[in-house]
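The data below hold one chain only, encoded as structure tokens and taken in the form predicted alone.
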Amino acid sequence: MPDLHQRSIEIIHAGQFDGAYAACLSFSQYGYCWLRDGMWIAHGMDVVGQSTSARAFHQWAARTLLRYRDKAEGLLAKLTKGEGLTEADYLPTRFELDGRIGQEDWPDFQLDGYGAWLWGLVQFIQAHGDDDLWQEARPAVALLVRYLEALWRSPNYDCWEEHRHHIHPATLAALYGGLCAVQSLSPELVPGGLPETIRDFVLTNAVASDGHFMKYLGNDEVDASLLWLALPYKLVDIHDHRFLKTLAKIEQDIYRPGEGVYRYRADTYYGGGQWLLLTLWLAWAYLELDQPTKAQNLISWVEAQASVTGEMPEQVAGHLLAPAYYDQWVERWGTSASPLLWSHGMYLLLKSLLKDSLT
């Protein structure tokens, strides 16, 4: 087995083009760059010293967003006039590697990636004192803040590109975290009280009767993306009683002890397998809760899922939630994505965090 740390860096470099990270070039639907996935890949690269790669991604994202300034301004003008919006009015959730908008039919109105990029951009700038990057990206950031201010209450696709007509706490957490991050650098860019309003909305509307956060408003199930509310976006503290109840329900409902984490209990995508990056997110929660042995066990399980050439998949099919659906997805799109750059980026991040926790 190759050194998975070094192999992850090599795989990510091989999937980067002019700054953009291709989610998975070997998978028929993932030859694009998502802002959310890309940010986490960049963040993982940055924490292991690959800052040139990470910076190139943030530059790509900023210039790509500015390329569609007129599209965003057109949407905002429609809203000002009280005109209805169509799906074509929204900025997309993914881009071609050269920054163009893909022509395929895809669930595009999805906001969490935009909040995620704001958060990640600010983390990079603060870590490196990179004012030049901030000045370069600031016009795109200002545009994006206005876009998110106008749309944050709107039902939109969740991070899995499902449930278009619902409001998702994980999405709102990403917006809260991103806007707070921008506010920490340039308070004048963020309307006063906007992050707090988003947070209050979640705490008022997205908590189930037994005290855990909901998958989406009106659905009391949990989704592994609810871990984002504390990590990294800090909409609530990791010790918040609502988050701890959510964590306990995730452990009970969508975590297979000794193995990995599922997205949510009703998942049928590729039969509903265990996702490596979500398993790493649970490991992160354990690290923050001072449970390093639990975290190490999850990281070791993730490492064991890598191929003999060190490639990490999106999910594994050992214990599917809905096995009857697996062959349907393979027939439609081919075998599940591998190597998934987001899995590798999260692996780099968690190995670094684990090392820090033990020193």
Ligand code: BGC
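Numbers follow the displayed sequence, beginning with 1. Worth saying up front: this structure is predicted, and the values here are computed from it rather than measured.
We do not show the form predicted together with the named molecule, though everything after this point is about it.
- At least one heavy atom of R36 is located within 4.5 Å of the named molecule in the model of the complex.
- Though the partner is left out of this view, C159 does reach within 4.5 Å of the named molecule in the model of the complex, counting heavy atoms only.
- Using a 4.5 Å cutoff between non-hydrogen atoms, E314 counts as a contact of the named molecule in the model of the complex.
- In the model of the complex, none of the heavy atoms of W40 sits within 4.5 Å of a heavy atom of the named molecule.
- Just one listed stretch, out of 262-270, 115-123, 147-155, 209-217, contacts the named molecule in the model of the complex at the 4.5 Å heavy atom level, and that stretch is 262-270.
- W275 is the sole member of F95, W275, F243, W284 with a non-hydrogen atom lying within 4.5 angstroms of the named molecule in the model of the complex.
- The partner is absent here; in the model of the complex, the one residue of I11, A23, A20, L350 having a heavy atom within 4.5 Å of the named molecule is A23.
- Using a 4.5 Å cut-off on any heavy atom, the residues of 323-347 that reach the named molecule in the model of the complex are, in sequence order, L340, W342.
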